[in-house]
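What follows is a single chain, given as C-alpha cells, in the form predicted alone.
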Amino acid sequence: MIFQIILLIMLAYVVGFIYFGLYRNITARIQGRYGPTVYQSFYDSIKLFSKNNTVSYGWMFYLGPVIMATGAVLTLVLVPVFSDSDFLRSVTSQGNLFVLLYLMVLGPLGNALAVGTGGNPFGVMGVVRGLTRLIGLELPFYIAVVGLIIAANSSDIVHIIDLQKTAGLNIINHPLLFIGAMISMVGFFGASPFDIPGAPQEVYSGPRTEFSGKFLALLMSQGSLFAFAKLVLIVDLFLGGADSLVMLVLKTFTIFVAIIFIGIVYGRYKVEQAVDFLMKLPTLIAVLGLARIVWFG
C-alpha cells in the first residue's frame, strides 16, 4: 500500500504540474504572449527544493505548509482514481465524501495559520480574502455533494461511481448539481473571476509573499496534488470515473480546459462581488438540483 501511495503521489505531481504549465501557457497565448514552457513548473519546483528559506517567523510559519500538504495527500489517497482497475484500488477504495469535505478545508486553515504568523500585510490581506471567498465557494459545492449522496443513498464515492454505470452519468441525470459544483470548482482552483486571494496586481503575491525555498516548493507541490485530486473527484462524482490512464487524462483535461476558458473570459470579482455571486447563482442552481432529487427522486 505504501508503494501504491508513492505511485499515486508521483502521478498526481506530474499531471498536476503539467496542467499548471498548460494553464500558464494557454492563458499567455490567448493574451498574445508566449508564456513559459509547459515544464517550467517542474524546473521551478526542483530549483526551490534545493534552496534555503530567506526568512523565518517560528515553527508555525513552517507548520502551515506541512498542514496544507498533509491535507492534499490525504485527500488524494481517498479519491478513487481508476474505477475498474486494481491499480491503486486498495488505496483509494475507502473514499467517503464527508471525510473529503473536511480534509479540503485543511489547506486554507494551514495557510491562514502560517501567513498570520508572518504578519505581512499583503499575506494577511490574501488570507482574509481567501477565507471570505471560501464561505461562498463551499455552499453550492456542499449542496451539490449532499444531493448526490441523497440520490445514491450513500456517501461512498466508489458506490456513486458504480451506480453511474447502470443509471447513467450524474452530469446528465443531475445537471443542476453539476453546474453548481463546477462554478465552485473554478474558485477552488483559484481561477478568475474568483482569484482574489493571490491577485498579483493588487497584493503583490498574496498569502505566499513571505515563503521561499523548500517551503515555497512544498506549497507549489501540494497545489498540484490538490488540483489533481479535485479534478478526479469531479470526474468520479459526475462523469462515472475513469477505467484507464487515457480516460482519466481525457476527462480531467476536459474539466481543466473548461476552467481555463472561464478564467480567461471573465474578469476578477471584488471580494464582496465574488461572495454575493456565489451565494446567489450557483447556490440557487444547486438548491434547485437538490429539490429535484428530493421531490422526484
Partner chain sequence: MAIDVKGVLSPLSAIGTLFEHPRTLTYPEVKKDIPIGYRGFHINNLETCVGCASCEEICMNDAIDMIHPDKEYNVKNTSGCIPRIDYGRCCWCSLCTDVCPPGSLKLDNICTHADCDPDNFLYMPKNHKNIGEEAS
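Residue numbers count along the first chain shown, from 1. Just so it is clear, the structure is predicted and the values come from calculations on it, not from any experiment. C-alpha atoms forming the largest set that superposes within 1.5 Å between two forms make up the rigid core.
Although not depicted, the form predicted in complex with the partner chain is the subject of the following passage.
Residues of just one listed stretch (27-35, 244-252, 230-238, 65-73) have heavy atoms within 4.5 Å of the partner chain in the predicted complex: 27-35. Among heavy atoms of L281, some come within 4.5 Å of the partner chain in the predicted complex. For the chain shown alone, M60 is not a contact residue for the partner chain in the predicted complex, no non-hydrogen atom being within 4.5 angstroms.
Of all the residues from 258-283, those having a non-hydrogen atom no more than 4.5 Å from the partner chain in the predicted complex are F261, V265, Y266, K280, L281. With a cut-off of 2 Å and the rigid core superposed, R33 has a Cα displacement that reaches or exceeds the cut-off between the shown form and the other one.
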